[in-house]
Each structure stands twice: as structure tokens, then as C-alpha cells.
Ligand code: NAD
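Consider the single chain below, provided in C-alpha cells and representing the form predicted on its own.
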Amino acid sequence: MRCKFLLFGATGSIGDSTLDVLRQRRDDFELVGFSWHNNAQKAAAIQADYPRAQSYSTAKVGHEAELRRLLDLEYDFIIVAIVGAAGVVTTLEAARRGATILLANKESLVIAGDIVMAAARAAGATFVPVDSEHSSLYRLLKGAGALETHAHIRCAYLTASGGPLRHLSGDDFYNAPRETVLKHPTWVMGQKITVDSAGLANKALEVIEAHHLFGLPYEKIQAVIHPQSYVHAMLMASDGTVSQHVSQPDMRYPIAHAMYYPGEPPVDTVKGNTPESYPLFEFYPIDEKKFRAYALGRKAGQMGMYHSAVFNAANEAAVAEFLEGNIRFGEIAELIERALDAKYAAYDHTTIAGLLQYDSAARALVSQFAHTT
């Protein structure tokens, strides 16, 4: 019997890779519903391939009712691949329903990790990570028997490619043009995540996500630059030995693992090269003075309360300003810092409504700062 699933964010890069796995394994899976934002042409092509699937656009007014309609369907798991803060409502609603959630939207836990994880525990929802780093760390922790207790774990490491600006510094980094920032050396991704990767803001988001997803304290989560992007996560045991999870930089690996979990994907679901063809692996520490967005994101996560929501909102707003040509690349981190240092009204950070108020306030501040400096 085929596993039925919903795909939220079907027209993005994760959606592309998911549908690629589906096309190869139509006997194993059935797409029963999907959402998309504003790429109507691409959504129409998906609908033509899967005419029985129900769908809706998150760009339309009243799409929350459409979300509930899809979640009322019969399915085995859902994939949340919506980009940015827009994914929070979908992830939370699925968690409240006790769903099996294949999570590719890190912002859900960055913005509202405590609330989402509490809802998941109360309803018996299950999270299976899809991001390559968290998928690899999940498998390493499980293999070490430390998924719940973290016994004998000294440190978990997430890797970062270093992005397209790894070799730039000073004014060249600060003033990096849009076309350079968007040329990622190893991954093909959307514009927002590519900009995040250039400044390593994405790695800060992933650290915060790992904290909530695995219950790891921040001091036990680190990131290192690994330009080749073959090692996605590492686990250091108490005796100092390090385990690595390795695959080619292809999102179909973690997606297929999540879709077949707790089983294993059939052989050649994703065809890989043998180890002798792998490049030399290099690892470097992250320069937090250069990659200020990374340092600010870690700080926001450790501060707790509403600060992660403010960091995410400020970053999204600043990246949008950069892509529109309104600010320089280096100003992204400066605007994030100003938003984190700002004083806000005392919204209730223990509720989604309150966190979204902080989100809106931070975006408004970034917009104001960007257009008055």
C-alpha cells in the first residue's frame, strides 16, 4: 500500500527534490495534497502530474481554511517545506493534530520552538528532520543511542559550506554584489536561503532548530566550515572520538530517508558515487567577527523568550531589502543587531500571537532603518 502524504511548499527547491523522489517511487508514495505560494505556472504543472491531489495557494486570502481542509485528508505524513516564518502556522497546526511531520522549515522552531514542541508532545506528533544537517545529526544521535538522553555526547557539529563569500573579507565582503552573493558553490537553493548561506545566518537558524529538535543545550551545538559539503554533521563522544555522516550535497538523500522512515530507502533511490571519488575534506572555524549574523543568531537563541523570533524576522526583512537593492550585504547583520537591541512592547512571547507581534515589529523596524540610513 502506498504511503499518502501532503507537501506544503511544493514549488520550492525542497519541493522539487521531494517530487523527484516521488517520480522514481510512485509505487511507494501518493501525493494527496500540496500548497504553493505565487508560482502558479509551476503549481499547475504539479497539478497536471498529480490530478487527484488537492491544492491551494498560500498567497490567497483565507488560506488558513485551506490548510485545515488539507490536514483533514487521510495521509501518513506531511512535509513542511514552506520558506521562512510563513511555515510556523502549518507546522503548529500539524503538531496539534499529532501528525508525522517531515520538517524542512527551520523557522517554525526558531520562532516558536517551545510552543511547537510542547504541542507535539501533547498530541504525540513526530518530527523527522529533512534539512541535511539535522537529518545527519538525527541519524548520528540515533546510532549512538543518544537521541533522547544525549549520554556520552560532548558536542554536536553542524557544517557550513562557507557560502560564496568564504574567501572575501573586509570591504569586499561588506559590499559583495547581489550576483556574487547568489552564486552558491555547492547547493542550488532559493534566493533567500542562498543569501543566508553567504552570511551564515542560516547556520544560526540551524543551531536554534537543533536545540529545540534534539533538546541539546547550546553549548553542545557548534558549527564549522566545511567547503566540500559532503560531511553534514558530526558527533563528538565523551572520549573525544568523532563520528561523521557523509553524503554528496544532494537534498534527495535526507528527503528519501525521511519519507521512508523508520524504514530505509530502496537501493539506488538516490545514486551516489563511491568514497574514492570524494574530494579532500577540510574543516575551518567560523570567524564570528566576519560572519556577524551567525554570532547574533546564536546569541538570540541563548537569550530565549522572543529574541529568536526577532532575529529571524529581522534577517528575513533585511535579506529582502538587500535583494531589492536597498542595502549593502554587510548591512544585513547591522540591521539584525539593531533589531535585537531595540525595545519592544511587552507582547506575550508564550503565545503564537505574541511572537508574531514581535515578528511584525522587528520587520517594521528593519524597514524603517533600511530606508532612513
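Note that residue numbering follows the sequence shown and begins at 1. These figures come from a predicted structure and were not determined experimentally.
There is also a form predicted in complex with the named molecule; it is not shown, and the following applies to it.
### Task
Counting non-hydrogen atoms within 4.5 angstroms of the named molecule in the predicted complex, say which of G190, G143, G215, P185 makes the cut.
Of the listed residues, the single hit is G190.
### Task
Can you work out whether the named molecule is within 4.5 angstroms of a heavy atom in all three of Y294, E334 and V366 in the predicted complex?
None of them does, since no heavy atom lies within 4.5 Å of the partner.
### Message
Which is the contacting stretch out of 281-289, 297-305, 217-225, 84-92, given heavy atoms within 4.5 Å of the named molecule in the predicted complex?
### Response
It is the stretch 84-92.
### Message
Can you tell me whether T58 touches the named molecule? I mean in the predicted complex, with a 4.5 angstroms heavy atom cut-off.
### Response
Within the cut-off, so yes.
### Message
Residue-level question: is I111 within 4.5 Å of the named molecule in the predicted complex, judged on heavy atoms?
### Response
The answer is no: I111 has no heavy atom within 4.5 Å of the named molecule.
### Query
Can any non-hydrogen atom of Q357 be found within 4.5 angstroms of the named molecule in the predicted complex?
Taking the distances in the predicted complex, the answer for Q357 is no, it never comes within 4.5 Å of the named molecule.
### Non-hydrogen atom contact K106 with the named molecule in the predicted complex at 4.5 angstroms
Contact with the named molecule, yes.
### Members of 234-257 lying within 4.5 angstroms of the named molecule, judged by heavy atom, in the predicted complex
The stretch 234-257, when checked against the named molecule in the predicted complex, contributes only M251 at the 4.5 Å heavy-atom cut-off.
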